[in-house]
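Okay, so we've got the same protein chain twice, two forms, each given alone as structure tokens, structure 1 and structure 2.
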Structure 1
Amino acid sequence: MALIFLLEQVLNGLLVGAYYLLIALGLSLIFSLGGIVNLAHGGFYAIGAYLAVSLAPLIGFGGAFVASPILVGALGVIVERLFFRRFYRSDPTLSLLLTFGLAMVIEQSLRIVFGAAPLPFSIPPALRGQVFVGDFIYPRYRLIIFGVALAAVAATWFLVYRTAFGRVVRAGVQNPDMVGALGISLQPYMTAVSALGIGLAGLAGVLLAPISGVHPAMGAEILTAAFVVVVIGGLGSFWGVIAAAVLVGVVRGLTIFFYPPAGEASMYLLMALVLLLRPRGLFGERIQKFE
């Protein structure tokens, strides 16, 4: 039984790592190309959850699952064009202040529109139930979250590493001046990257709404943990974020098994250890902000 409980805690830790990954990956992509540290990213996660709650009665959970990330990504396009692109060449402190203020606006707007109380949102009946493997039992919906997160990360990897769009983005990360000298404007690519990264946060909000609850402060609660994953993996590193999310999930699960009170603190201790040994994170490199 102890082995089964250990396996369950490790899987739960990896589940936490999976939805941290969806949010952290978007953070890392936006920072890589534009140099914007988006403190409002958690707010878009919350918007995704609230859209799911609002749309599910009208078009069902499946429709909300598809529509919510798309709508949040479209909102990301608007935010990038109105706000982000004004700060690519500015002092990074200004973009931090901008996105911090935007995060506050999003949270308070959600309070005004939907109220401060949490909204109920349950797992659809078709996705409920348990999966039995011998004596091991695990909720079906949590396995679905794993599958969707893996599919989203795989699709993002394909876009970044196997398409012409991705080649320009990676070139822009490594040498933006050379890309500009070739006559390629990075601004449309930054708009697309913002839509992708913010859409991933919206997807995480849809998936986690039935588990974590839907309330205005949910974005602020998860943002710190997502930043921990980005810092451990290395700012701007695609594979670093993935490795960090898995590492955080495993360490969290093992810590809860052996000493439950330290479960939440384990990721912060891990971050401190990684930064002591490698200040840039596991896969961090020097990133140039494009001009």
Structure 2
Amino acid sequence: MALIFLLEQVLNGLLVGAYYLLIALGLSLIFSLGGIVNLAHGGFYAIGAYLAVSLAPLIGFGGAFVASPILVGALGVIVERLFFRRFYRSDPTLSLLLTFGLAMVIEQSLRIVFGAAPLPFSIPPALRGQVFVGDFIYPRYRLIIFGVALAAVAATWFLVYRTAFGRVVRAGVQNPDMVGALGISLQPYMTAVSALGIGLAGLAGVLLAPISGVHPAMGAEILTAAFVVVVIGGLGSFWGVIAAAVLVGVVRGLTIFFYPPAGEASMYLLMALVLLLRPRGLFGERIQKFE
């Protein structure tokens, strides 16, 4: 009997992994290409959620699901053009300070515009309810999040590993100077990757708004977990982020099953353990410019 409960936690951990993956994927992309540690990632996630709450009454949840990530991605273009671009080659501390400031500006702006109280938002009635998968029961909405996360991963993978665009981006991650010497300007690629990464944060915001509180500090709440996932997975590793998200989801679930107070601490312990054994993370590659 206990075994089936344990298995239930493991399978639920996979779903929770999708939750962490959505938040961490964009962070990892921007981190890998430009070396920007985007502390404002949670802020863009929050903007995505607030856009969903504001747009859903006008164009429905489906409309908001499409529009919010695009709008947040457009914001990503502006942020890259105005800020990120100036920091690719400078001391990482500077971009850290910049994005830390940006995170505070976003949180405070949301507080000024929408107030500090959480805004009401629910799962659309059509997506509510439970689904029976064999002996297990899952909320339909979690399965949808899982599906969207899979689709986002597949699309990102295709873009990075199967297109001409992706080849330049991957070359840029390894050796930006060589890409320049070959006569390719990395600038538009950087802009596109920032838009994509920040747009993914917006997507996470829309999807999680119905199941978590929509308030100005919601970004700060998830940011640390997102970083832990990226670090465990390994810098620059696409599959690493995915493996880490699933691992964090499952380990956290099992920890809560046996010893709930350590639920959140489990991911930090996992990170410490992984870094002790593999200092570059699970699948971290050796990247010239970060060594």
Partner chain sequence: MAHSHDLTRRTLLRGVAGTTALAGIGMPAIVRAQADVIRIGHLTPITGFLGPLGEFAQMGVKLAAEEINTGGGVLGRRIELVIEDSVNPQTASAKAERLIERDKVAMIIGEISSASALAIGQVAARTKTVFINTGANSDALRGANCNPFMFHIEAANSMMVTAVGNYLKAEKLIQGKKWYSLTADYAFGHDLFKVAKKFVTENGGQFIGEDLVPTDATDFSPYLLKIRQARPDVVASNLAGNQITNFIKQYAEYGLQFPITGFGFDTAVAWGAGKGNFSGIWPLIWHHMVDTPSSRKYVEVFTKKYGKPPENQSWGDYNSLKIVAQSFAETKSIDPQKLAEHLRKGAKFDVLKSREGYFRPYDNQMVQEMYAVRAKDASKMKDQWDIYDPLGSVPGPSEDLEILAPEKDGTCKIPA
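For clarity, every value in this text was computed on a predicted model and none was experimentally measured. Rigid core (definition): largest C-alpha set, two forms, superposition within 1.5 Å. Residue numbering: structure 1 sequence, from 1.
- The form predicted together with its partner chain appears here as structure 2.
- In a rigid-core overlay of the protein, residue 271 has its C-alpha displaced by under 2 Å between structures 1 and 2.
- The two forms, fitted on the rigid core, differ between structures 1 and 2 by 2 Å or more at the CA of residue 134.
- Aligning the rigid core between structures 1 and 2 leaves the CA of residue 15 offset by 2.5 Å.
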